[in-house]
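Coming up is one lone chain in structure tokens, specifically the form predicted alone.
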Amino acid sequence: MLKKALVCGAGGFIGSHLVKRLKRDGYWVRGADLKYPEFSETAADDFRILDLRELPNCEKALALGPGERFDEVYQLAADMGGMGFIQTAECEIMRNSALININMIHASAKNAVGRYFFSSSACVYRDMAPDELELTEEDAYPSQPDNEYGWEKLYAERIAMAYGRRSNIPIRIARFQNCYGPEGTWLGGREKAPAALCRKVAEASDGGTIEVWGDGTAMRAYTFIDDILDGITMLIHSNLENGVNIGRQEYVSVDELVRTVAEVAGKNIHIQHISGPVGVKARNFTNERIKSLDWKSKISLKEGLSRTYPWIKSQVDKSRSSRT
């Protein structure tokens, strides 16, 4: 009998890619989201347009035939975006994501699902200096997230673990570092830094100038979607409890990220630093727990951008041609 998986947030970037991975691994998959995937057809066997802020819709997402239940639930649905969105939509992020997370774990416990995966974030950690020692998962406490998105994620971790203890459901929690790749949001204000900078470089002429928020020194690590998917599937089948860091430990400044995108694009790009939301100075953490499952990031930043930039450039070109 095929394993059954529910992917919440299946219309989003990571969720839509996860559906494809689960199908490749032989699952029957249902997707649930407010929208279908924007850039490709869903691979789900069944896709339901549902507002998961409402408990009855969470129950609809979980509904199967008599005596049936989902073997695995992947909860990735959230109200989120890049740093600009995170800093300007605090109330929407906290309210919408909290409602989804409270209702989804409650309905999953009620339906006695087999395993429950929750996508948390490195935003649960505090602001750091670039040269500070990397944090372990336990260093999320005492808690001091830099933004409300991180506070909501931390609370959602706690409520998922509480329901897991009461209902005897294995809960697996991934704290993602920045994730990027093809078929992600690249325009409109919710895009993350790699997509935004790929777009700006694609739009710029060779020798041109792009604007970058802040002074360009903030340090980040970026993880390609395939490495994230490997981590998710390894983690949900493991015995690792509590939060688990998943991210490539290849730290670069924002300016270094721009230079790497420009190199991939084959362009000479100048940077103009402007005022704008930057977020933390750095966020460094260990990966020892996920590495204990033989997970290893396989895709370097340059290789990942070499796969991502051409896709975003094609979207830029399509957008330009549609306006002419």
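In this text, residue numbers run from 1 along the sequence as written. All values reported here derive from a predicted model rather than from experimental measurement.
There is another form of the same protein, the form predicted together with nicotinamide-adenine-dinucleotide (NAD); it is not shown, and what comes next is about it.
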Exercise. Taking 140, 243 and 294 as the candidate spot, are all three within 4.5 angstroms of nicotinamide-adenine-dinucleotide (NAD) in the predicted complex by heavy atoms?
Worked result: no
Seminar exercise, completed: Checking 290, 44, 52, 261 against nicotinamide-adenine-dinucleotide (NAD) in the predicted complex, the residue with a non-hydrogen atom inside 4.5 angstroms turns out to be 52
Exercise. Which one of 74, 224, 149, 125 is close to nicotinamide-adenine-dinucleotide (NAD) in the predicted complex, taking close to mean a heavy atom within 4.5 Å?
Worked result: 149
Problem set entry | One stretch from 295-303, 65-73, 52-60, 267-275 that, in the predicted complex, holds residues within 4.5 Å of nicotinamide-adenine-dinucleotide (NAD) by heavy atom | 52-60
For this session: Would you check, heavy atoms only and a 4.5 Å threshold, whether residue 157 touches nicotinamide-adenine-dinucleotide (NAD) in the predicted complex?
Result: no
Exercise. Might residue 100 be said to contact nicotinamide-adenine-dinucleotide (NAD) in the predicted complex, defining contact as any heavy atom within 4.5 Å?
Worked result: yes
Exercise. Does nicotinamide-adenine-dinucleotide (NAD) come within 4.5 Å of any heavy atom of residue 230 in the predicted complex?
Worked result: no
Problem set entry | Residue contact check: residue 316 to nicotinamide-adenine-dinucleotide (NAD) in the predicted complex, 4.5 Å heavy atom | no
Exercise. Who in 171-210 is close to nicotinamide-adenine-dinucleotide (NAD) in the predicted complex, meaning a heavy atom within 4.5 Å?
Worked result: 176, 177, 178, 179, 192
